[in-house]
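In the structure tokens that follow, a single protein chain appears in two forms: structure 1, then structure 2.
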Structure 1
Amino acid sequence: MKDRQPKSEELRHVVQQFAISGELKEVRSLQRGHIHDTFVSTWSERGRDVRFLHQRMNDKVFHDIPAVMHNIETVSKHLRKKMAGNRTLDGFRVLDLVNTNEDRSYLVGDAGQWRTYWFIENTTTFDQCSGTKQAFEAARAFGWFQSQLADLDASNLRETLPKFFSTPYRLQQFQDALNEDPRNRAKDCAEDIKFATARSEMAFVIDRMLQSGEIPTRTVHGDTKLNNVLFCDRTGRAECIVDLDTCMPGYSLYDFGDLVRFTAATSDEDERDLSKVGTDLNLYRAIVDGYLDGTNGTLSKVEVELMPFAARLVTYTIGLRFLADHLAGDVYFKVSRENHNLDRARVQFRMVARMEELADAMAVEAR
């Protein structure tokens, strides 16, 4: 991937290599996510404006772009088959890729590797949750999504990011970054390092249970942030799940834990004022209810009982990833200010501490 932002003419050239009819009006950048660069184009077609979403995929993070695209196509096809020609499935829509003029699912150009989706109009994404109704909806949508993938043969999916869900692996990455400390940053985050290290035992629980068969391997979404759900502007209902980059075999509760981490948060993911950081119990409860509703009986009793632990574990895991990237010199997540990844790590660890205090209130009983 080229690091610099593509110029306007370059962008126009890129989007015109996709099989879109009409006349190109404009291409704008859209701030979304920590990994790819995202743009929206507007085209005039028979007097009507039609929009498309374009992403320059980050091939420093995803080394195997063909594998990423293969997974996205496999999952979309699986869902589309269930839709049997209908526009929606259980009220949900599925993202549609637009092929290139050469009929390929992505473009390899001078300015990087690109994919294009139809823009889903009349929907909005949220970085902060507006209340329990929205939290329930997001969780229901991700639960539904995961249960729809239960009958997809996981061997059809490639492991695009090896060990992506493994907390022991994230702990190792953190320890490696700490040992190397290439930017000499460890000295300024001793407390954070101490917090992470004191909880290292937690990292092995899920891996042990997966190995012993106590919990199953399932195909998961892998990035269940609230802003990966498109909400209908008219009804407020979740309408589409986006960002299928990390759809891979994993454990179901990764999706649940990441939902709580982000959607039940009382602050932004990179809030600097730690007094604002925490986990909202009402939102948490709504997420539990929505997730159980969406998965509709597919989770085992053990999985249900692990829900509060998963919330803590995934929050801890993402905290480890942010801290490791801070120590390594911000080589993975995009940053836009000094100590950005450290701030993000601190927010995650503060939420973990808060969830430890709330452990009793967060318990879930198998229903």
Structure 2
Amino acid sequence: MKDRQPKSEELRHVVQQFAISGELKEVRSLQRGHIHDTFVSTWSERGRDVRFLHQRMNDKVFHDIPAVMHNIETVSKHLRKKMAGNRTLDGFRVLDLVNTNEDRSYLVGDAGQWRTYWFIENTTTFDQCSGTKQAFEAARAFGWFQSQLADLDASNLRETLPKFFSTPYRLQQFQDALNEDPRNRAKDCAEDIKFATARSEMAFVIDRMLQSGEIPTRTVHGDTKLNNVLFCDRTGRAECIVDLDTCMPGYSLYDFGDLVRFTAATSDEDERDLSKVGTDLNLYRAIVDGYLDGTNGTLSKVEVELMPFAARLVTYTIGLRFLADHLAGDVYFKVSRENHNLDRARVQFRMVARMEELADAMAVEAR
């Protein structure tokens, strides 16, 4: 991917390579997400304006763009087939790709690799949860997404980010960074290292259950942040799941756990005052109820019982990633201050500690 922003003439040329009818009126930048460059085009068709979303994909993060697009196509076609020609299913819409003029799912050109979606009007995304209703809706949407993909053979998908969901792999990254300690930082975070090491056994629980067949490998979204849900401006209901780049084979509860970690947090991800850090139990219960409502019986009894553990495990996993990056010298996550990744790791670990204290209150029974 080119680092520079494409010029106006380049943008117009790119979007016109997609099979869109009508006359192009404008193309403008849309500040959404931190990975891809996103733009919105407006076309005049039969006297009305129609908009499309275009993304120049970041091949520095996703090295195998063909695999990413294969997964998105596979998931989208499966969902579209389930909808049997309807615009919505259970009140949800599918993010629809627009093929190129040569009938391909994405464009490879001098300005990078591009894809195009129909723009879903009258919806909004949110970075912070407004309350239990919104938490329920987000969880219901991701649960629905999971339920509709329950009969999709996950082996048909490619692993675009190797070992992305593997806690044992993240633990090994942490241990490697600790052993190397290139910036001599380990001495200043001994308690954090002790916390991570003391819980290392939990890293292997899910992998062992996948290997034994106690829980199934499923198609997962992989990035269940609140801002990857489009909410209807009129009703406030969740309408569409977006950002399918990390749809891969994994375990369903990763999606649930990451949603709890992000949405039910009582503080910012880099909060320095750890007294503010924890998990909002009301939001957590709303997420549980919404996810179970959305999955609609497709989760096994074992998966349901593992939901609170998954919340701890995913939070612990992200904490390992932050701490490993701090020890390695801040080579992966962007930082804006000294010890930024260490602060992030401490927030995740504090959340894990609070979840351990709230274990009884967070228990979930099969319904």
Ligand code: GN1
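Rigid core here is just the name for the largest C-alpha set that superposes within 1.5 Å across the two forms. Numbers given to residues start at 1 and step along the sequence of structure 1. Since this is a predicted model, take the numbers as computed values, not measurements.
**Student:** Just flag whichever of structures 1 and 2 is the form predicted alone.
**Tutor:** Here the form predicted alone corresponds to structure 2.
**Student:** After superposing the rigid core, is the C-alpha displacement of R56 2 Å or more between structures 1 and 2?
**Tutor:** Shift of 2 Å or more: yes.
**Student:** Comparing between structures 1 and 2 on the rigid core: C-alpha of V40 shifted by 2 Å or more?
**Tutor:** Shift of 2 Å or more: yes.
**Student:** So with the core overlaid, does the Cα of L230 end up 2 Å or more away between structures 1 and 2?
**Tutor:** The answer is yes; the displacement is at least 2 Å.
**Student:** On a rigid core superposition, how far has the CA of A84 moved between structures 1 and 2, in Å, if you could check?
**Tutor:** Its alpha carbon moves by 5.4 Å.
**Student:** Cα of G22: shift between structures 1 and 2 in Å, core-fitted?
**Tutor:** Reported C-alpha shift between structures 1 and 2: 10.6 Å at G22.
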